[in-house]
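The chain below stands alone, shown as structure tokens; this is the form predicted on its own.
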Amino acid sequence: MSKNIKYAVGVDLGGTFIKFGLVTSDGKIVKKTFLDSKANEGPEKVIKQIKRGIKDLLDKSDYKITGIGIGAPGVISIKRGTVENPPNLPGWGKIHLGKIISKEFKLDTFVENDANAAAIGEMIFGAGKKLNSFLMITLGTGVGGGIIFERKLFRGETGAAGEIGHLSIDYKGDKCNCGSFGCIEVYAGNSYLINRVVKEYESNKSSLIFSLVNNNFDSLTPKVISDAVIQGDQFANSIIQQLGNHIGYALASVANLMDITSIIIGGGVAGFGEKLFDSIELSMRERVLKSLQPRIKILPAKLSNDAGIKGASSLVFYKN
């Protein structure tokens, strides 16, 4: 082990799974594991799972750990290390997660919104290493965002900046779980994609999407749609096209407001790849100010399935 290499624990807290990794300061994962979050059993059980996962990671380890980083959904107070009302984690309210974990392991513990952590991770280890400013968006169950401005995370007044998923693109649109209407998350989250496919079944029965799941709607996932796209299915292509349009409309508003035109896209839905990215770029160019059009860059995130772990660990190495 090099004396110049530092080590941190990265914890990616999700509603279904918690991922854990032991990560070096140059972004290499030397050990990782995961556990069910057991979110439906309440915050005490989830915290117990976090402690268990970290203990498993550190067991029989000779690495000197600099600290622990946790990426979590919800509104995060950086100074207090609190997690407040995270979606998909029932009954949390406001939990002093940083203090609890720091006390348990006697290590400095840093807690950040998961999308912000992903943005920091991409800045340090991934697609944003050479970018001065960029917007990171994560596409999955929801739509998260993090803003890097002049190599620093922009948090806003309370730490809630970057919530692009709750930027409305239709004031008369469907109601979002946040309480507002027409949020981009309503049109770009996993549930919307699946619901739209099911809703349009009658007029698209011949689509490969349905044959791939033997007409069992419960088996529908974004990957099934992606597989159909690869095989040239027109209906699947139209789903991706519209998804890209919606995201591009939202990103154009962000670019016009903040003068940031480099966009890094990650998360499971980003696996739709080039067709999605091309659709996003085209619709963004149609709506952004002309002076910004030549600067638009749509880039895939580089940290892939380890984005949450590396992003969380980067909180230990990154001081903002």
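Model, not experiment: these values are computed from the prediction. Residue positions are given as counts along the sequence shown, with the first one as 1.
Although it is not shown, the form predicted in complex with another copy of the chain is what the next lines describe.
Taking non-hydrogen atoms only, residue 227 never approaches another copy of the chain to within 4.5 angstroms in the model of the complex.
In the model of the complex, another copy of the chain lies within 4.5 Å of some heavy atom of residue 259. When contacts are judged by a 4.5 Å heavy atom cut-off, residue 155 counts as touching another copy of the chain in the model of the complex. Under a 4.5 angstroms non-hydrogen atom cutoff, another copy of the chain in the model of the complex lacks residue 108 among its neighbouring residues. Site residues 160, 178 and 246 are all in contact with another copy of the chain in the model of the complex, judged by any heavy atom within 4.5 Å. When you look in the model of the complex, the only residue of 66, 253, 33, 61 with a non-hydrogen atom within 4.5 Å of another copy of the chain is 253. For the residues 124, 208, 197, 169, the 4.5 Å heavy atom test against another copy of the chain in the model of the complex is passed only by 169. Of the candidate stretches 52-60, 37-45, 259-267, 274-282, only 259-267 contains residues with a heavy atom within 4.5 Å of another copy of the chain in the model of the complex. Residues of 129-146 placing a heavy atom within 4.5 Å of another copy of the chain in the model of the complex: 133 alone.
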